[in-house]
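Have a look below at one chain only, the form predicted alone, in structure tokens format.
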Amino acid sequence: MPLGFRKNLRDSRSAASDRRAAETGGAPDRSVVLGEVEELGIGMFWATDAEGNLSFLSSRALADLGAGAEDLIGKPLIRVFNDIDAEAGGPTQRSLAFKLKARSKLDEQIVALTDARGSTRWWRLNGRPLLDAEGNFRGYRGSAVDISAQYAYETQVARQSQVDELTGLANRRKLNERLSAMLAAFRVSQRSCALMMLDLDRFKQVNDTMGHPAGDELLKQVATRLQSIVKDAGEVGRLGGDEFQVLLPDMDDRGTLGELANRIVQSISQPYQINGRRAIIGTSVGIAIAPYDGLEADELTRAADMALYSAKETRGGTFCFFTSELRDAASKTALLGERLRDAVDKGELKLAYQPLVDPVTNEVKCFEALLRWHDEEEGDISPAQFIPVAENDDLIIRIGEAALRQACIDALAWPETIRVAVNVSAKQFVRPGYRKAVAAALQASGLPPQRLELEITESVFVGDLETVDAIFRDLKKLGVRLALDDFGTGYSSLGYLKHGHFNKIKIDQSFVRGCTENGDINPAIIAAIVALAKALGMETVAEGVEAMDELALVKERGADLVQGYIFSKPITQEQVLAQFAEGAGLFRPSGPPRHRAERITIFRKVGLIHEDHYYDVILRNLSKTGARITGLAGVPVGTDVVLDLGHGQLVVSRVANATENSQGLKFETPLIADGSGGFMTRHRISPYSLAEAGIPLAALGPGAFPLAKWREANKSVPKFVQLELSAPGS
């Protein structure tokens, strides 16, 4: 409509209004007043018919939306006006469709619509349902105000308060709100959800060596990778720094969660290109599941944090599920750190040596130096316990350098053809001056450099690869040999091998254990690694060989050396020297003919359920497919029982063999690995389900549901004799 014509129309309306006002004694015509209000920009008006179709938009509204807005007339109102996205920072409100269907009044209803230019505009609607004299619904009549500028500003402010500016992910505040709301709703609907906590391994190293802008770019790429893996299964957020969180509703299958966590670890560990430079980091993942590990947001978050800490303590670059034992482990770790420092000061850590043997000739070619710690009060403490504690402290530097010096001194007393291999931690490797420490150990002992092997795990490649390559070149100049330890288990990349730094690849024992079982793909992996190493001129070592069938397989696949109990456990320097004094550098294989399923020696109190009785038993060992328990007498072979491992983990079992006070159980469904060297059930029994079944939660054993006896009412006579349980260590 031309501006001149519109002005004339407005003037004529005003004149007509004035005439009517004069004729009626001063009261202007109502429709004219509404038109004048609209022309002044105070408001816009709309109406629908009884079917909910838009039947009227005032001229100001049509002009506001631009050319073609007349085509909106006759369309359903819910197709013209769209509900706003509360997730994007808009206010929470009932949907427009819900209110129209209920014929409710519309008060300050904010809607979105598209104008002729394709831009989104936001209006605030008010409206009332119109009824005729007979009470029949005639449609809606309402007004609208354009609030686009104000709404865009307010939603931007609200979004910034909930979104991490760097990555675009949900921030800590939004994640906490979502988790709290989800847990509250899920308690009512008896649903589960999982929480993953992640932080990046060696991110600080990238930040320090490549600069903060590179660190920011790395975080953006990590966010993209996480979103591409999780997709619509959950929500990814950044808590700050290098910490991320993944919220996964309706997910409690620990097998599925473990697979997802493993995919995250593998994806985050692949190389990054940042400003033309290459960097590698890693991640560790802690997992907690509601309602088993917590019902409130702070409980579940603490549980996931403890699991994350355990994953980092294990070795980093892995995942761990929360268990009730982790609470005790956290305090034990702090005490262990204090004791370890005292042990280092007193020189209580010793070296033992495990042979690496040629499987064809049985000749020893090398010994790996392994740390051992015997504490006067605790006895032998496993390196799996104290090395991670040392890794979290600069104590690993002292321990590593002392072990290197001693190993060089000890090896000098061996035949000249025998090498010594020494493990190097990532923290020790990247520390300035490491090359000097190696050179000093060689000089002080007089050991020829070619007789020293440094075993390095893939974790050293995390960070700035240019710095790492420079360290490798310096070590090669010394003349020492380099071995890549635990190949295929960490931040694996064939790119590590193409630079030619390594003389040896050690095939991790996880590929060797169980490699002879039907359908296992590990033999193909072993063969591929051996072929790759031979093509690159590298030696291969198969680790962890314990059974004769495993030895035959790795030998047939072409492994150059074998390390494991099949030849020898780690032995002292005195035993090594005695072996050579007898003129024998041979180690004969000795072990079971076939591989047995991996078992964990354990000693803890658990429960056994038979019919309507709950018995206390001691769990002696545990594998994926079975367990051995003590504490009951008179249990016949073939008896069906349920083993209660605690924390909702109930395992349907059958007694496969029995002695007077000991039973071997075979599980109906195998357990799965928990990511930190243990086993767990894939599913847990929900406390909601137990409550519905009338079983008190206290009957579920230790953990989230404290152990208590079953109700005494209507119970049958016990079939088994409950023995007095031996105290641990007896």
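Numbers follow the displayed sequence, beginning with 1. Here the structure is a predicted model, which is why all the values come from computation and not from measurement.
What follows is about the form predicted in complex with a small molecule, which we do not show.
*Asks:* Among 367 to 375, 291 to 299, 551 to 559, 125 to 133, which stretch sits within 4.5 Å of the small molecule in the model of the complex, heavy atoms only?
*Replies:* Among the candidates, contact is made by 367 to 375.
*Asks:* So in the model of the complex, is the small molecule close enough to residue 570 to count as touching (4.5 Å, heavy atoms)?
*Replies:* Output for residue 570 is yes: heavy atoms within 4.5 Å of the small molecule.
*Asks:* Within 4.5 Å, heavy atoms only: does residue 540 come near the small molecule in the model of the complex?
*Replies:* No.
*Asks:* Quick one: does residue 544 come within 4.5 Å of the small molecule in the model of the complex, counting heavy atoms only?
*Replies:* Judged by the heavy-atom cut-off of 4.5 Å, residue 544 is in contact with the small molecule in the model of the complex.
*Asks:* Could you confirm whether residue 509 comes within 4.5 Å of the small molecule in the model of the complex, counting heavy atoms only?
*Replies:* Although the small molecule is absent here, residue 509 would touch it in the model of the complex, with heavy atoms inside 4.5 Å.
*Asks:* Could you check which residue among 453, 242, 305, 486 gets a heavy atom within 4.5 Å of the small molecule in the model of the complex?
*Replies:* Contact check passes for 486.
*Asks:* If you check 459, 423, 143, 205 against the small molecule in the model of the complex, which one has a heavy atom within 4.5 Å?
*Replies:* Residue within 4.5 Å of the partner: 423.
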